[in-house]
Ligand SMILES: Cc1cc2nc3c(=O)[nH]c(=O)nc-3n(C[C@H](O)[C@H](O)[C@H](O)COP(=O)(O)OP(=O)(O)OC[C@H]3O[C@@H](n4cnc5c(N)ncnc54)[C@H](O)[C@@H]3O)c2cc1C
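Before any questions on how it binds or moves, here is one chain, the form predicted alone, in structure tokens.
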């Protein structure tokens, strides 16, 4: 009685609940992945490279027994079911708007095979799946703090005990339609795949977890876990991580970040329009800048040519390695929305193009937090001063000097955050006056009533 194990955002073999369900005592399992052209079009080159590298490692860990096909899942999955006579299809549940539409289409197609073949989801990419943590009346949370308290009280399951030996795998050579895994030729800052995820996590726990609470906002220090891409693609599950956190200050600060990840996934699940529209529709009326000057400012922001060193450092880091420190993400987002008066969607789209860890729930709602239009958002009158933020979180300019080449050779005693007196040739003057644009942003927000 063969079954299908369809990988998506769970590119691992350990702690994989659908593998337990797929592995029947006397049956075989076909492991497969569908290269969906819609996702290829909407993913930046680094995300595609990570995906394809992780697929290659997954295939190797299965001794080659991973079938990769290309096309629309609602066509390819039923075809594979019929090719091997599968009695069920097993997946990790997907709660994104796109994932739900895709799975509904696949489910409808599978219902047309014989008496119907079930699509059976189990587990999710989260510690607690969206929809499970609600208020007493069943309504979803709109504010993080009470969600966090209920989330911790709810708890989560222990890791599933799975591995490559958990199933008898079907040889994909016996199944038609397989394609090669693409290699996009993009250099990644960190390696992809399950082995790399576990090694990265172990290194963070050993070297940086203890100081995480105090230093996580410092981009000049190497004190973040860099696990975001691994979590995005499911090469590790957060259940496999929380057991290492302990009850120390650093571990509890990290747990809170995992809770934010679950919170934003729940928000997107409950309010799918918020993927590209303001969660708080009252902000739809705000007037952004338009026209050639807005486009020019956007290009300066994208290219790290704003004349504000901490902003430029972040944008150049993003362009070079496809990742940016979280504190700096907030600084550059505030600058785009509140200094340049541009729509948060412009920045969110650029981030998704560049980031190796681009995740719809985290990215879109992180941007809306800064813009003030999301759940539990920063108050609209909170406008980050990029110079003050730079001095506070990159006090001696180490981060700025690393990513802004024009400022790298400034003397140690120079104020790298406002290099007006010693501005090197080739580094731009500030493109806006922050104080004036802050006042203008507050005026526009106040006009919303």
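Please read these numbers as outputs of a predicted model, since none were measured by experiment. Numbering follows the first chain given and starts at 1.
FYI, the form predicted together with the named molecule isn't displayed, but the following is about it.
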*Contact test, all of 226, 362 and 367, partner the named molecule in the model of the complex, heavy atom 4.5 Å*: yes
*From the list 338, 237, 90, 329, which entry has a heavy atom within 4.5 Å of the named molecule in the model of the complex?*
329
*Of 80, 231, 318, 167, which residue is found within 4.5 angstroms of the named molecule in the model of the complex when only non-hydrogen atoms are counted?*
231
*Using a 4.5 Å heavy atom cut-off, state whether residue 351 contacts the named molecule in the model of the complex.*
yes
*Contact label in the model of the complex: residue 261 to the named molecule, heavy atom within 4.5 Å*: yes
*Even though the named molecule is not shown here, does residue 357 get within 4.5 Å of it in the model of the complex, heavy atoms only?*
yes
_I'd like to know whether residue 147 contacts the named molecule in the model of the complex, with contact meaning heavy atoms within 4.5 angstroms._
no
*Contact segment among 97-105, 149-157, 249-257, 310-318, judged by heavy atoms lying within 4.5 Å of the named molecule in the model of the complex*: 249-257
*Even though the chain is shown alone, can you say which residues of 308-340 have a heavy atom within 4.5 Å of the named molecule in the model of the complex?*
323, 324, 325, 326, 329, 330, 333
